[in-house]
Structure formats: structure tokens, C-alpha cells
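Coming up is one lone chain in C-alpha cells, specifically the form predicted on its own.
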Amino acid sequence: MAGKKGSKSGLREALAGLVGPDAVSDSREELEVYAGAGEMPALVVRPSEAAQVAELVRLANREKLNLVPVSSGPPHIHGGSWPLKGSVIVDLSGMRRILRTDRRNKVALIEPGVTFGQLQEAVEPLGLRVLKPLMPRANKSVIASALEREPITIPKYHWDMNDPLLCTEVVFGSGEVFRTGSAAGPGTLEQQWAEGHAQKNPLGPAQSDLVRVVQGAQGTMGVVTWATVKLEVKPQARRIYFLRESDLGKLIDFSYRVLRPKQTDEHLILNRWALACMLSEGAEEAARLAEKQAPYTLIYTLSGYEYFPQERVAYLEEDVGRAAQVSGVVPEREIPGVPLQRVWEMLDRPCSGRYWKERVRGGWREIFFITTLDRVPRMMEVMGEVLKRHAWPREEVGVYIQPMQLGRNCHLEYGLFFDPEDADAAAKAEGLCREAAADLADAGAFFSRPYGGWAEVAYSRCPDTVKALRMVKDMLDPGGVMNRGKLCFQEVG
């Protein structure tokens, strides 16, 4: 780990020379925050600007370090940033500037430490809203979420798997600073702004599309120092509806009917346990609330914007109502035991206080993947078989179905909650998720975000992809200094 400097103190001195002595720490208490279920890192360094990040990567190449980029606050859940022993954590959460907002082009240029709450507060006065996942942590980085391809709750604005990520500035593992999409130029950002450009087209430069290589790479290709993200117009009128059903097939049929013509805004399906957990402060309250809910609840909103908002909502109500009638479901304006304000907060705001998954029982494991809506019932059967083998109560498994790309596919997520002090329950959940990943993949589940042990499940089925990705890795990170051991890059330095 120490490289040419020959000691940890020498490395710390070198890093302090780049970012300042107060921005480097080897405090065990601080390092444990980043370790997660990984190993103990050696140091954490907190750059404050993009130029420092570039110098850190170049130093890492000279000293043969392993850099692990992190931009969200703890807890670090999925394992993409869990370090190998002796790694250097590059904590970007202090880079919190919103560099530009553009009302006309509906875009914001932000640094990696910007959170959803911070960005939302900045753009709401402009009449814009942030495209976000369901109930993100309060300290979740907007850029990290977009790089991880977390699904947003409004499928009609999710045209491409890149969305809402647009252009980026990335320091590749080689130390080269690169700008993707229309941000590549010609000219500086300021010169582009002066000519009316907004860094909104993610394709380029020329025929390249390297943002797709960086996205989902878990920091193994480089470090993103800023990005533009897509925003949308804030509605002037909104109404919320609930479809409460025991027949999941009816909700899927309804979803196909209204998502293709882009009639609904927020559109998601939760089973009774997931819905109750999101709207409760603990397991006991969640259990009481779950008893009042239907097996599945589809939540959707209808919106009117700047021109004739009330009229737009009115005709959408009629159109969506006809689709509901054909699908055999009945829209309702409320759900039992829950004030509407709490549901709106669930849809519109980051999670306040403790993260909702953490406050149910303290510990949790989750498994998620991409499939299509019509295949969801089969996936439910497969997961049910795994739960039965492990004697895990099916009624205490949260299910979240998020249509994406106008309903062309969907994110399907299962959540298992347990007391972290119960070692047997934790081990049981871990083994269940590992076994479920293999069974679900055999049934056609696509693990587009293969964290930890899911990587073997995902990549063992596609050796040609592994070969191609390793060639790209050799080009962009020839020294292997970026987040070793993740995905199909099992080098350990």
C-alpha cells in the first residue's frame, strides 16, 4: 500500500500536499464508516475540487494505490464502495456546489456531493423538479444515484437507461481528464454557455459514448467530478390515486395501458409490507398498517403543467379511468390508515431521519434486478420457492416494482428486514439472497447492477462481455488503481 513513499506516514504527507492536511485522515473511527462489510481502508482523503481529484489519481498510479470513490454519506449499503484492505477512500461528499441551473433546457450541472434535498431546494423556485428514486437517503448523492442507475419513479421521463444522467467530467484511472457528450466541446464550459449550450446531449464526443462505460462501473473506471442531470417542469396541479388489488396481473395490465401513452407521472407498485414499512417508524407500526392494506397497491399521479393544468388532469382522469375499467381495477383517492400527506412526502421528498429500510428492524438485505412487467408473476413464484426453502415468512418480504423506460422493463426489488444483533437472522438473509440471485437469473432476471456476489451470477453467463470490459478497463485504468476487485475485475493489486 505504501508504495515508493515506503510508509503510511509518507503517503499521508504526499496526499496532504495535494488536498491539505485537514482533508486527510487515518482515524480508525472515521475509516470504519467506509469499511462496511469490506476491509479496513488505510486513509480517507477529501478533495474539494476537480483538479485535486486528477492529481490524486496520478499519484495513485505512481504509488500503486487503490482508490475507492465515495460521494454519498453512510451507511454504504450495496458494497460497490466497500474497500479492500489498505485502500485509499476518496470522499467526494464535500464537493457540494451546484455549478449551474438552466430553466429553459431543464438541466443542472452539479458536483458529486450534491444531495437530492439540496438540488430540490435549488430548482423548485425555478419551477423545476428533480427526477429521483423512491425515498432516497437524505445524504444520497444525486450523481452516485444516477451512476448506479437507480430507477426514478416517473417512467415517462425515463427514455434511456442513462436517464437522468447527461454529460460528465471524469478522471479516468489513467489520470486523463475527459468530458463526455456535448460537454466535450469545443470550448470551455463558460464559452459553451455563452453560445447557448447546456451540456444536455450525453452522446459524444464524435461516435464515442463513454458515459455508458462509467455508469454502473462502481468506480472501477474513474472518478466523476461533475455531471449534468435532467430536470423536469414542476406540475401546477396533481392528483394521486391508488389501485388496491390481490391480482397482480390486473395491475400489470393497467400499467401497460397507461405507460405507453405517457399518461401517468409517478407510477409504482408496492406489496403491503413494503408500503407499510415506507410509511412507518418501526416494525410494530408497520405490522399494524400492513394488516389494513391490500396485497398490492399501485400508486400513480396525474399532473398538469404550465398550460391549462386543471384541464389536463381532468381529461387524463377520464382516459386513465377508462383504462382502469378495461383492466378490471378501481382507482381510489386514499388508502386505509395513512394520511395523504405522508404518501406525498414518500413520493416527493428524500427520506427524513433514519433511512426507512434501517428503521424497520435495524438490518436488511435486498435483492433487485431488471425484468419485464409480464414476467414479474414468474419471478414472484421463483422468489416464493426460495423463501419457502429458507422458512422466511413471505408476508414480511417487501416487494417494490418500478416500471422504467415507459414500461418497456421494470426494476423488481425484494427487501428482507431483521435485527442486526441476531447473527442467525443476518446469515439466513445473506444466504437466501445469494441463492435467490442464482435462481432468479436462471429464470431470466437481468442483474444490471451486480454488487458483491451477484457479479459472478451476472458475468459467468456472458464471457464475451467480460473479455470486452477487461479490454476497456486496461485502456482507461491501465495501472488498476480504481476500486480493485469489483465486478469482473478481480485484480487485487
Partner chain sequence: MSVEEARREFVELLGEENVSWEPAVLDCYAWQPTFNDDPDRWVKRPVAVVLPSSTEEVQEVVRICNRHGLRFKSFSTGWGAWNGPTFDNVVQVDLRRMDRIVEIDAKNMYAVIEPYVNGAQLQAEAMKVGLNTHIIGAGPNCSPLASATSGWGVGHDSIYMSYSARNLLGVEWVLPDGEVLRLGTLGSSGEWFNGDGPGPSLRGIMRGSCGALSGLGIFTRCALKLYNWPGPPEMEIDGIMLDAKMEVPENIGYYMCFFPDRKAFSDAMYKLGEAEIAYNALATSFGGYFDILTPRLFRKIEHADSIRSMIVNTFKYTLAILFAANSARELAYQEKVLHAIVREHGGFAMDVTRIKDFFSMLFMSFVRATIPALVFRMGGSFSTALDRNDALDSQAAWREVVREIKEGYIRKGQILDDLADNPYFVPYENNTWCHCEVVYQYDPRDPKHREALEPIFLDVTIAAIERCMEPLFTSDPRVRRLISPLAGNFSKYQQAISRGLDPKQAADNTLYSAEADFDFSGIDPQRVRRLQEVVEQRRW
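None of the values given here were measured: they were computed from a predicted structure. Residue numbers count along the first chain shown, from 1.
Omitted here: the form predicted in complex with the partner chain. The next part is about that form.
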Of 312-320, 89-97, 266-274, 290-298, which is the one stretch near the partner chain in the predicted complex, taking non-hydrogen atoms within 4.5 angstroms as near?
-> 312-320
The partner chain in the predicted complex: contacted by all of Q215, Y307 and D374, heavy atom 4.5 Å | yes
Given that the partner is absent here, does R28 sit within 4.5 Å of the partner chain in the predicted complex, heavy atoms only?
-> no
Using the partner position in the predicted complex, report whether K262 sits within 4.5 Å of the partner chain, counting heavy atoms only.
-> yes
Touches the partner chain in the predicted complex: P133 (any heavy atom, 4.5 Å) | no
Heavy atoms within 4.5 Å of the partner chain in the predicted complex: does P450 have any?
-> yes
Work out which of R361, R244, K140, R149 lies within 4.5 Å of the partner chain in the predicted complex, going by heavy atoms.
-> R149
Taking the partner chain in the predicted complex as the reference, which of H76, K357, R365, K230 has a non-hydrogen atom within 4.5 Å?
-> K230
Within 4.5 Å of the partner chain in the predicted complex, which residues of 133-166 have a heavy atom? Give them in sequence order, or say none.
-> R149, K156, Y157, W159, D160, M161, N162, D163
